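Before any questions on binding or motion, here is one chain by itself as structure tokens, the form predicted on its own.
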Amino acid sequence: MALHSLGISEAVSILNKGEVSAKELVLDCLNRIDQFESQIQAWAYINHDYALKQAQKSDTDRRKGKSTGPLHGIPIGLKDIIDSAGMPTENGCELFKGSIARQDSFVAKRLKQHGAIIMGKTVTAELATFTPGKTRNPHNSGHTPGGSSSGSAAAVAAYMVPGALGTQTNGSVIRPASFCGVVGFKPTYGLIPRQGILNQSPFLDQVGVFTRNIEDTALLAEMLIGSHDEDKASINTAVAPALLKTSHQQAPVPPKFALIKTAAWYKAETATQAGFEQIAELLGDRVDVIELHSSFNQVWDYIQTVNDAEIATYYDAIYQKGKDIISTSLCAQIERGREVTAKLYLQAKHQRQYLNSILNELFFSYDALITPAAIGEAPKGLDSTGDPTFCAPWSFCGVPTINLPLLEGETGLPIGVQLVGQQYDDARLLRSANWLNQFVNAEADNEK
């Protein structure tokens, strides 16, 4: 059995039955990493001995009958802007070379509490912005894996780990998930606390997960929901959304979708446009093609204004210390952010509530919105992480989104279908995504 190919839920099942040990699972994943890391370069830090030590403890605890968590023995990768005690957090930047985290971030602590094994740190673009790291696309090493959560998406796509964590400020989960052909999920803003994670743009930064199927996505994300005093945006909810349970449920009626092209539709490549037309045709009366309210036409300006202003604020010390070291593109973004007026910044932020009120009206009629995850397949070359255009509106609004790898481009690389849900209704989004995934794959099988 190729243990590295197992999904999270599959691995949990055989571990609980005692058919394999956590050490065997981790060792197989490490062997997979050893085999392909030189080609893909998904990892910023990997420590075989530490990973195996965690696995051995996991097996010992299980033999002693100690309580096991829902992720007991499961290998997980962390984007290298997320602190895990004793591991480097280098943020994809020379200024942080050798920096060791003293404490666990909220999400690292949660993972450990639920029994997960932290395998290491995955590559991020420079300070989670636009300058790419070393990672290559597992489907074609001459193409970008996307970013900024490049290593996390590539590690899952290459079967190095069954799950990994990333972050999204604009398109840093959904776009690499699309390019690498995996499921990427960005929950509602504030659902997963960001304590212990690089602070770029508090109004926009969100934690997301990568897996290879929707069930694993629901399980992994549900384990991370909570609140933390250091993250004022985190939602203090008494009962966490039942993501896993709801994602399995059959909807009372088949979901209704709205295909949203947005004002950026002209940017979508021919294969992307054709693929979405095909999905619309398959869904028939289960989908309406609609236009967003014209108020959304400025959303790309809003997200740039807020991101630039906040990155200029929170990266100011980095800029002052190392503007000769960080990339020219990041320097330019920081310098642009310094010119944003308080009035323009606040006006942009205030649009979130209004735009969500427009979306809320749509969700009276539709279970989820369908839109591209990226303009097309992963671009050739490694000097860019791709265009986040189709992620920006939903990142700005803070609504939940998920990428499903349902389409292919002209060269056979994946093209993702992005589903957008209502704010705080993540569970319904996952249920709708599960339905759509099964429906499209069943139709594809019927055509064979």
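Given the structure is predicted, the values throughout are model-derived calculations rather than measurements. Residue numbers run from 1 along the displayed sequence.
Here the subject shifts to the form predicted in complex with another copy of the chain, a form of this protein not shown in this document.
Among 244, 312, 292, 287, which has any heavy atom within 4.5 Å of another copy of the chain in the model of the complex?
-> Among 244, 312, 292, 287, a heavy atom within 4.5 Å of another copy of the chain in the model of the complex occurs only for 312.
State the residue from 359, 375, 340, 264 whose non-hydrogen atoms include one within 4.5 Å of another copy of the chain in the model of the complex.
-> Here the answer is residue option 340.
Residue contact check: residue 269 to another copy of the chain in the model of the complex, 4.5 Å heavy atom | So residue 269 does not count as contacting another copy of the chain.
Should residue 347 be counted as a contact of another copy of the chain in the model of the complex, where contact means heavy atoms within 4.5 Å?
-> Taking the distances in the model of the complex, the answer for residue 347 is yes, it comes within 4.5 Å of another copy of the chain.
Evaluate residue 316 for contact with another copy of the chain in the model of the complex, applying a 4.5 angstroms cut-off between non-hydrogen atoms, and reply yes or no.
-> So residue 316 counts as contacting another copy of the chain.
Answer range among 347-355, 276-284, 132-140, 148-156 for contact with another copy of the chain, defined in the model of the complex as heavy atoms within 4.5 Å = This holds for exactly one stretch, 347-355.
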